[in-house]
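The form predicted alone is given below as one chain in structure tokens.
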């Protein structure tokens, strides 16, 4: 099957990602990690990786439900805590979110979802300061390419161990880490509002998106070449256009160039330059 092209050697990949988290945090002089624990497969996998990298006592999973959030999501997040033994905290965002939302006569679900995501990131970065920790990201490669996330919300982090894994590969590695069955089997959802489903909102399946994105951006196939694999050309074009349209979400803010050496344009160094 064409999806088999995404098959991982989970033994090697898991060791690399564990070492990645350890090295990227320890070299800053810190030893702890904070992450949002939603009960979804992405954040759950990130928690397992962080626990193996830093030890359960150095990882903090923060659960941030809204009043309409699924109770099953919170239960699944607690299963991760019980299985890994990491620290956890439940901070309900209902009051601060409603304080902002209720100042408007009307707000769309999209705007509300962005408010929730950004409020959760405020919470995580505040807790990272409290615990002297770094925020570990939980966005996968499929989401990042599609721009399926909130800019400076769930897409924000200090380091991201799963950002180069397509959704299908997230499932592969999650089975390798033996995540709870309920997390592995449930329908992917950001749980931003009642009944919300990732694939329903996107309009296509993750499996189709993963294979199309892999050929477009890893193998650099043209739209026509990907369509020749058996995919609807309109779908391939729509996904390619979505990636292009959301490029701004994957970049630092654009700075108007005035001087000879402009930050992020000419003045570019590795993250650990000078250390």
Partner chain sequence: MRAALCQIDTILGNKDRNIIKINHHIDKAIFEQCQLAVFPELAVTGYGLRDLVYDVGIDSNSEIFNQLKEKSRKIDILLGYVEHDSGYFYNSAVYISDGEIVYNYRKNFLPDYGMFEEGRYFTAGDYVETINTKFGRVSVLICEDMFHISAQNVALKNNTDILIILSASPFWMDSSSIKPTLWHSVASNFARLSGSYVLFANRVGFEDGVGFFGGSFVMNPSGIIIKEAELFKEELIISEFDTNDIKRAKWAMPGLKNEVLDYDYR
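Since we're looking at a predicted model, the values are computed, not measured. Numbering follows the first chain given and starts at 1.
What follows is about the form predicted together with its partner chain, which we do not show.
Visitor: What I'd like checked is whether 48, 52 and 175 together line its partner chain in the predicted bound form, meaning each has a non-hydrogen atom within 4.5 Å of it.
Guide: The answer is no; none of 48, 52 and 175 reaches its partner chain.
Visitor: Okay, which stretch from 64 to 72, 243 to 251, 40 to 48, 22 to 30 lines its partner chain in the predicted bound form, with non-hydrogen atoms inside 4.5 Å?
Guide: The contacting stretch is 22 to 30.
Visitor: Quick one: is residue 257 in contact with its partner chain in the predicted bound form, heavy atoms, 4.5 Å cut-off?
Guide: Residue 257: no, not in contact with its partner chain in the predicted bound form.
Visitor: Is there any non-hydrogen atom of residue 263 lying within 4.5 Å of its partner chain in the predicted bound form?
Guide: The answer is no: residue 263 has no heavy atom within 4.5 Å of its partner chain.
Visitor: Is residue 206 close to its partner chain in the predicted bound form, meaning a heavy atom pair under 4.5 Å apart or at it?
Guide: Heavy-atom contact with its partner chain at 4.5 Å: absent for residue 206.
Visitor: Answer with yes or no whether residue 60 is in contact with its partner chain in the predicted bound form, where contact means some heavy atom within 4.5 Å.
Guide: No.
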